[in-house]
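In the form predicted on its own, a lone chain appears below as structure tokens.
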């Protein structure tokens, strides 16, 4: 069978890895030698699809059809607060699908984040096939630990569209810990924290490692916090300065906004190791008199730190909550592992040290470590790598609607998978005929702010006064987070059940339609025929020789 690859599908960059012949995870490089690729997809005026460096290179002149940050949209509703913010600042249009999901309109066509992400995954697959010299169809794909079931399924759907059999959706912090070699610690139990701050998401996982067993004790995070937010703050400040000086709103120009964003991101990277950086953007825009606006400014790390202090502060609460959920204190953590490109920012590293009371480890490339861990786990699934057992948890509470809009938790967050929970209910009306139980996933006590998973209906209840009929609800979650629900009336034993497999927002029919359309678009176009190269000459039937009874042409 073909090899199993590990893919880190990132907000800003993506990369792919695989086990080598010695069973050691290795990054796979593209033909140009690059081991990470921008998670950017663009459509040209000729409807050609560009991915990675080629897409980012033309982003400034084709901003409206160059899509980045798809990971922030996948499996999300268009009216979510962070999606609404993204829609205001992105140079491309984010629109609502029929089911309320956030899609992107590109050159008149609405495209799902799954389809856009599939282009990145397909490029990662092509890189692997070129590097390995063989077809690749199976993969382990990583996601933030704090992704809910819908976001995970949407990522799996993107893999399907890319022609990949996604064997497992693996949490990024767990993959990073595996790649760090945290399971090679000898005897005894070791408690570590994996701090993962990437381009668009933040995760914190508290893990216990012992003799090749990775046990996630608690996880937390923020799927709307990442390096893109630092870039946005810088862009907003610089755009305000241009407006104050020239009375020109450059945010209304996708070309100027794209150039400013690109410069801000480059300056941020430089400021990770320097105290100041020069930003020079000639002919950024035109003033009200048509004269060119040349942007030339020195920006300091201290300025950016002041602009983003609240973003750094937001990193603390998920860490404190994860520690509390695990029943631990910061002093119980033996090592903090850094993952994600944004952990290079000195202010973030200082915050990590302040929260956990120790300097974090910097023993690996934070941009590549997740893909290496995914490859290591892919090897385990394929029986080619070292054995390691991963014991994961559910990142969000799972419960039911009670009353008008309240959320009652049945399976608490950070419950070890597989998990099972039971709860008894009593009827509230005389001769109540049925019960309808709606299931939700989330962290809010207001059920309307959580994700609805489905519902189970049990009818034909025996008659009786309020409270006389009791129904037992059983929730079971397997290691793939597939939820099975059973409602059983205790006196008669009658029951109803449902298995809830999270939908990523696309139906199976829509997925097949995308795949079929992509195949049709990729078929080679027939080139015009030239005389002497298979050209067909049309003739009249009267010009054709007649066949006689013996099948031979008549004279």
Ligand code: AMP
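Positions refer to the first chain, counted from 1. What we label the rigid core is the largest C-alpha set whose atoms superpose within 1.5 Å from one form to the other. Here the structure is a predicted model, which means the values were calculated and not measured.
Not pictured, yet referred to below: the form predicted in complex with this ligand.
A.B. asks: Would you say all of 13, 227 and 268 touch this ligand in the predicted bound form, counting a heavy atom within 4.5 Å as a touch?
C.D. replies: Per the other structure, all of 13, 227 and 268 touch this ligand.
A.B. asks: Of 260-268, 396-404, 298-306, 243-251, which is the one stretch near this ligand in the predicted bound form, taking non-hydrogen atoms within 4.5 angstroms as near?
C.D. replies: Of the options given, it is 260-268.
A.B. asks: What is the one choice in 379, 220, 199, 159 with a heavy atom within 4.5 Å of this ligand in the predicted bound form?
C.D. replies: Contact residue from the list: 199.
A.B. asks: What is the one choice in 340, 113, 144, 373 with a heavy atom within 4.5 Å of this ligand in the predicted bound form?
C.D. replies: Here the answer is residue option 340.
A.B. asks: Flag residue 272 as yes or no: does it have a non-hydrogen atom within 4.5 angstroms of any non-hydrogen atom of this ligand in the predicted bound form?
C.D. replies: Result yes; residue 272 sits at the interface with this ligand in the predicted bound form.
A.B. asks: Report yes if any heavy atom of residue 367 sits within 4.5 Å of a heavy atom of this ligand in the predicted bound form; otherwise report no.
C.D. replies: Contact check for residue 367: yes, within 4.5 Å of this ligand in the predicted bound form.
A.B. asks: Please run the contact check for residue 344 against this ligand in the predicted bound form: heavy atoms, 4.5 angstroms, yes or no?
C.D. replies: Within the cut-off, so yes.
A.B. asks: Using the arrangement in the predicted bound form, list in sequence order the residues of 158-175 with any heavy atom within 4.5 angstroms of this ligand.
C.D. replies: Counting only heavy atoms within 4.5 Å of this ligand in the predicted bound form, no residue of 158-175 makes contact.
A.B. asks: Superposed on the rigid core, does the Cα of residue 103 end up 2 angstroms or more away between this form and the one not shown?
C.D. replies: Moves: no, less than 2 Å.
A.B. asks: Once the two forms are fit on the core, has residue 194 moved its CA by at least 2 Å between this form and the one not shown?
C.D. replies: No.
A.B. asks: Align on the rigid core first; then say whether the Cα of residue 378 has moved by at least 2 Å between this form and the one not shown.
C.D. replies: No: residue 378 shifts by under 2 Å between this form and the one not shown.
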